[in-house]
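Read the single chain below, which is given as structure tokens and is the form predicted on its own.
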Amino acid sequence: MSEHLTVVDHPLVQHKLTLMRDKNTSTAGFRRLLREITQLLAYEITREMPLTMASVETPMEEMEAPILAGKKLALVSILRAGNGMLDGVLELIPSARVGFVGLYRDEETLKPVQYYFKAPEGLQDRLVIAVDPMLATGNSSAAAIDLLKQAGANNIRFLCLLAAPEGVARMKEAHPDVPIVTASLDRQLNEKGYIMPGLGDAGDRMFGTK
């Protein structure tokens, strides 16, 4: 993937995103839609995974057929909202290794503070997909990618549901080598760092904590 930002404009992605934006969508509905839309986005972000050939016996004859090459990919959730996207990708790629980055945003400085980091081994040999529904200021996302690079990752992609122009610019500045795949590039951030028009706080809506 060469482009820094890919907005997936598939009709099903756009339809499901509109339902997620609706403030009247239930917690259960929001979770289900997030899982479904993540699968569709994961289809796009894994498009260029390397293939090799393997011998397989069909009911008719033996043939050489394409199969994924190399080590299984690593899926890294940026806590806590990223967990809502894990299931969607794991349904597509059940053998993926899973890691977690715990960051919270200091409400005064809007800067990320790390409280947890656990990643699979051998990141340097894996495609690493970091997931977080919202790319807002980009500070937490950039900090999470920093940690993954320190752990050896060198082939990283970032998967989110919504992105703000400010967050995309911050990520491009900090990590120009990390492509971003999203369902929508929204208008802007408000003064509190929330995406506008957005869909509110993804974590709260997913876990029913408000």
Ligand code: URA
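Note that residue numbering begins at 1 and tracks the sequence as displayed. It should be emphasised that the depicted structure is a prediction, and the values quoted were computed from it without experimental measurement.
There is another form of this protein, the form predicted in complex with ligand URA, and it is not shown here; the text below is about that form.
request  = Given that the partner is absent here, state which listed stretch (112-120, 70-78, 95-103, 130-138) has heavy atoms within 4.5 Å of ligand URA in the predicted complex.
outcome  = Only one stretch passes the 4.5 Å heavy-atom test: 130-138.
ask   = Does A202 reach ligand URA in the predicted complex if we count a contact as any heavy atom within 4.5 Å?
value = Contact with ligand URA, yes.
task = Determine the residues of 174-199 with a heavy atom within 4.5 Å of ligand URA in the predicted complex and present them in sequence order; the list may be empty.
result = The stretch 174-199, when checked against ligand URA in the predicted complex, contributes G193, Y194, I195 at the 4.5 Å heavy-atom cut-off.
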